[in-house]
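Taking the form predicted on its own, here's one chain by itself in structure tokens.
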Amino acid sequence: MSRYVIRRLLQIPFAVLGITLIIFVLIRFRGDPTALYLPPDAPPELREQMRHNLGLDLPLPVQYIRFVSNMVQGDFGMSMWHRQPALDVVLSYIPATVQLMGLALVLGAVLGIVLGLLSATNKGSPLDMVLVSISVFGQSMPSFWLGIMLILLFAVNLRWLPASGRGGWEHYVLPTFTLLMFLVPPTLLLVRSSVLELLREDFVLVARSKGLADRAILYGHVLKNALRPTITSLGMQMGRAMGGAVITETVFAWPGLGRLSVQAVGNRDMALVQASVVILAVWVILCNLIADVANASLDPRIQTD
């Protein structure tokens, strides 16, 4: 198991390096950031001085090598908008995102597994049809539209919940529900299909012939096998949910890393964009690593692949 984990850890630097190259190239196509911080009638000398201070007058390969070497030391440069080191700004916004994402991920995993089991064990019933219909509807519904509709209904019309910001428990309800509609449906459908497929396997028939109760078979044998693809899916969803958090945080003005990234792109704050995207990328990579390790612990055959 330790060799498998070490092998997966050694792959992370190469993935991060590839991501940094993509970020570096895309930001350079975004345009000249000096146009945002200087007035249109700024003299060419002042514009060139700012480009020199930002290192934009160097050849692109030199800029990239400098960016990577500084990144390894935790230096992404100064945020032109916040007038602080970019990494410090990103780290100050992470707790809000972790709180919202952590709550949504835990609830999403629990609800997805429980509702998936209920749907599978009641196949063809009205409960099954309702759960499947809600899941299909939830997967096809854009997060930003759902967030806006929730704000109009519960914040504007009924005035039961706040429309934006971060505070008490009531501020978590609408953004968490929006994320749950993004997280629960794929888990529910995957658990349902996995359980239904496993219930037709030979080992289930053998267990029943030995007199085991259906509940013991379901929770002692079927669920354990159904969790393997589910854990992989949850790991991928943890990464995808960060993309959903960007939209959700923007709609609900949640002061987290997703909203900060959108603002940084709009402000052409290169240092802040680079820092926030790298942190988001590392988050996605670590989520996939956790899912792979959890799967390997459930199925030792994965460690030898």
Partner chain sequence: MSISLSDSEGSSRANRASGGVAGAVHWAGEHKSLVVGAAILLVVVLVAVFAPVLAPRDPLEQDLFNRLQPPSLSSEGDTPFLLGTDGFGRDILSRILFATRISLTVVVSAIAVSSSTGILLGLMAGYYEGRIGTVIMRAVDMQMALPAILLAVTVIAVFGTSLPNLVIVLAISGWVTYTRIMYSETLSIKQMEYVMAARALGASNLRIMLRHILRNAFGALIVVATLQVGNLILFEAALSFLGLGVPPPTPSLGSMLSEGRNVLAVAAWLATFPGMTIVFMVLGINYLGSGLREILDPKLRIG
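Numbering follows the first chain given and starts at 1. Computed from a predicted structure; not experimentally measured.
Another form exists, predicted in complex with the partner chain; not displayed. Remarks below refer to it.
Would residue 73 show up as a contact with the partner chain in the predicted complex if we use heavy atoms at 4.5 Å?
Result no; residue 73 lies far from the partner chain in the predicted complex.
How about residue 285: is it within 4.5 Å of the partner chain in the predicted complex, going by heavy atoms?
It does: once the partner chain is placed as it appears in the predicted complex, residue 285 has a heavy atom within 4.5 Å of it.
Heavy atom to heavy atom, is residue 270 within 4.5 Å of the partner chain in the predicted complex?
Close contact exists here: in the predicted complex, residue 270 approaches the partner chain to within 4.5 Å, heavy atoms only.
Residue 130 versus the partner chain, in the predicted complex: is there a non-hydrogen atom within 4.5 Å?
Looking in the predicted complex, residue contacts with the partner chain do not include residue 130, since no heavy atom lies within 4.5 Å.
Contact at 122, 176 and 212 by the partner chain in the predicted complex, all three, heavy atom at most 4.5 Å
Zero of three within 4.5 Å in the predicted complex.
Looking at 186-194, 80-88, 113-121, 167-175, which lies within 4.5 angstroms of the partner chain in the predicted complex, counting heavy atoms?
Contact-bearing stretch, as computed: 186-194.
Please identify the residue among 26, 68, 58, 38 with any heavy atom within 4.5 Å of the partner chain in the predicted complex.
Checking each option against the partner chain in the predicted complex, the one that comes within 4.5 Å is 26.
At a 4.5 angstroms cut-off on non-hydrogen atoms, which residues of 259-289 are near the partner chain in the predicted complex? List them in order.
Result: 261, 262, 265, 268, 270, 273, 277, 280, 281, 284, 285.
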